[in-house]
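Shown next as structure tokens: one chain only, the form predicted on its own.
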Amino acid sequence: MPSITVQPNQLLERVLTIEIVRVTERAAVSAARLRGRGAEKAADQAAVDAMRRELNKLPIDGTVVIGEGEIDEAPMLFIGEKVGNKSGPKVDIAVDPLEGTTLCAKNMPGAIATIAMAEEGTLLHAPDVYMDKIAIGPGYPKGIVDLDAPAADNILRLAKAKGVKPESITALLLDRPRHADMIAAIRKTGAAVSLITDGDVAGVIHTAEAKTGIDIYLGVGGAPEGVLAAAALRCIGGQMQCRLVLDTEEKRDRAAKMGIKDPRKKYEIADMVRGDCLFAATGVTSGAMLRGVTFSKDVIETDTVVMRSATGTVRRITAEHRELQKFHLD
């Protein structure tokens, strides 16, 4: 049989369209075994360990540039960690093995396992700190909303662009005390506010999905989640602006060591995710975006979305796994 020559971009496509689905599936299944047990760190650790094992099987030479865990001292795939079997292309990886640890621990809707992968040097390298964010879906002229504008102004601008009254706009925010003033300002315009306890990767993606009824995402969340959400919007369209919250000298020093020259820089999607990338997420608990893992006697079912920016392709993969063959405990 003649050999087949695979160009680097073709190999990337092959890896990024099928293989990383297995990574998020395995992490989601491992976390789902601990749903409702009240064990946030144990569930996170299970997802991290599973994701690491699957990543190390891939034909990539990968570097984790966006990890998780520093903010709350959770287990992590740490920034700078090398993954893959080194037989393929060099890639940057952003991970959140269990976004919504509290959601999983309480068996509440919306916990997911998620990853983004791109060619080396194309994902933002940033410390695991907080990030101020604003995002809307596709179909609007550039500059309709602005991170530095008051929240009320952004609501009014978006309503005008949509040709509706502010009362028709729904804003999504994390339910945190730090957002109290912003929530009050948004409601004063007449717009509705939808609050989530966790899960701002999915929250940003909701702005690009008409079925969710979410028009805009605002507020401060994690930087890893910001980069992952930017990867998703790069695939499916939308606008997003972010700024790292570097409010201590220690955080500014960490950022500087990672190449962040301007601590006040306002990042757009193209600043955080350059070139071709892929985003994948698998549901842990059922939510608006994905169904959670289901267990039966012989089969485990998973629900995954995988997106590629170069083509704008969105695949939804519902898979059945024979537990003893695929997901036995190591």
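Counting begins at 1, following the sequence as shown. These figures come from a predicted structure and were not determined experimentally.
Although not depicted, the form predicted together with a small molecule is the subject of the following passage.
When you look in the model of the complex, the only residue of Gly219, Gly137, Pro127, Gly222 with a non-hydrogen atom within 4.5 Å of the small molecule is Gly222. Of the residues given (Ala159, Leu174, Ala208, Met76), Leu174 alone sits with a heavy atom within 4.5 Å of the small molecule in the model of the complex. Look at 147-155, 235-243, 184-192, 97-105: in the model of the complex, residues with non-hydrogen atoms within 4.5 angstroms of the small molecule sit in 97-105. Residue contact with the small molecule in the model of the complex: Lys165 places no heavy atom within 4.5 Å of it.
Mapping the unseen interface onto this chain, Arg178 counts among the residues with a heavy atom inside 4.5 Å of the small molecule in the model of the complex.
Remark: Asp92 does not count among the residues lining the small molecule in the model of the complex, judged by a heavy atom distance of 4.5 Å or less. Using a 4.5 angstroms threshold between heavy atoms, Asp215 stays clear of the small molecule in the model of the complex.
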